[in-house]
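Before any questions on binding or motion, here is one chain by itself as structure tokens, the form predicted alone.
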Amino acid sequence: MIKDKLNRKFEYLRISVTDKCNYRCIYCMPKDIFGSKYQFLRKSELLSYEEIIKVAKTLKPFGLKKIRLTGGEPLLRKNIERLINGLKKDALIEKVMITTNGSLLTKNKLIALKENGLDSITISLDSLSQRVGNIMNPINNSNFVSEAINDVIDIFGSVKINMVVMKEINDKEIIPMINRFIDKKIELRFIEYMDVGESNNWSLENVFTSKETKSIIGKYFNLKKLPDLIDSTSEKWSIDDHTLNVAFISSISKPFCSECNRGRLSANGNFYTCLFSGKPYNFSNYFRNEESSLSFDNYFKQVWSNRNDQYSQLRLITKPNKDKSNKVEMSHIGG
């Protein structure tokens, strides 16, 4: 077990397995920046599955319990079920999850993911309306994703859906989303639009707060508070007489920095101690150079024990000082 300067444990690692995505969501990979000329990582730069498993095995003694595979779009990596199998059976990670846009979730893929040990799936879906969907993401297939959600429930028993809510863009989709999934085994999570990276033209004026979302829902449904996990980033509520639960992730209006127990690993092996960080720690140097691999334990101890990130908390008080380098893009560390 290891703790940082704010007494926070390390228990959770989010791993981006690719910086590529087949979608172009405006809050993550806007198409005017991530176009045909954008230089993505070369295949040789990506951590191999064997290297990722080695990272997980090495970090487990420090307290690592959960891993979430992200991207970009993680299902663009071929045979990702092999990685999941290794994380569960070789690295002995207690919980392995994945966040995906759902566009590549066929039934056969879902069965393979389940059989190789995947514990749960979270799907990003910001709108059911084609018109609104085209604004949020000009490349989308919401009808297919809706069917994939049903398949996930059939095979995994339940699913989480992430909806990033942006003011005057998709805030009118809140109630239609609830109505669509009201009697399904789903946790529908409403996420405040975050200032991650430097390319999404974030403005506080575009943030639709969790309080506003909850107020709208309360006009149509009776909400009952559910217990939250100690390290949870969301506040969860049930809806009277329905299967659907809703949750609110309020990183702008109600930051959860004080409980943050997660690190983030980019597809090319850079470790970040905060979602809003611009300072990478190069893990790949240690896992691709056998001569230096023996010192990795000491290196990680130094990185985590010196961690004092609380960007979102400081944002409430004053404009936080940024690293000299720009904040890393969401597509590189998976949100």
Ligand code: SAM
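In this text, residue numbers run from 1 along the sequence as written. Computed from a predicted model, the values in this text were never measured in an experiment.
Keep in mind that the form predicted in complex with the ligand is missing from the display, and what follows is about it.
Colleague: In the predicted complex, which of the listed residues (210, 140, 170, 101) lies with a heavy atom within 4.5 Å of the ligand?
Modeller: Going through each option in turn, the one that passes is 101.
Colleague: Are all three of 27, 70 and 191 close to the ligand in the predicted complex, meaning a heavy atom of each within 4.5 Å?
Modeller: The answer is yes: all three residues contact the partner (heavy atom, 4.5 Å cut-off).
Colleague: Would you check, heavy atoms only and a 4.5 Å threshold, whether residue 328 touches the ligand in the predicted complex?
Modeller: Residue 328: no contact with the ligand in the predicted complex.
Colleague: May I ask you to check whether residue 234 falls inside a 4.5 Å heavy atom distance of the ligand in the predicted complex?
Modeller: Contact with the ligand, no.
Colleague: Is residue 124 near the ligand? Define near as a heavy atom within 4.5 Å, in the predicted complex.
Modeller: The answer is yes: residue 124 has a heavy atom within 4.5 Å of the ligand.
Colleague: Does residue 206 make contact with the ligand in the predicted complex, using a 4.5 Å heavy atom cut-off?
Modeller: Flag for residue 206 set to no.
Colleague: Which one of these stretches, 43 to 51, 27 to 35, 279 to 287, 57 to 65, sits within 4.5 Å of the ligand in the predicted complex when only heavy atoms are counted?
Modeller: Among the candidates, contact is made by 27 to 35.
Colleague: So which residues in 200 to 226, when you check the ligand in the predicted complex, have a heavy atom no farther than 4.5 Å from it?
Modeller: Counting only heavy atoms within 4.5 Å of the ligand in the predicted complex, the single contacting residue of 200 to 226 is 200.
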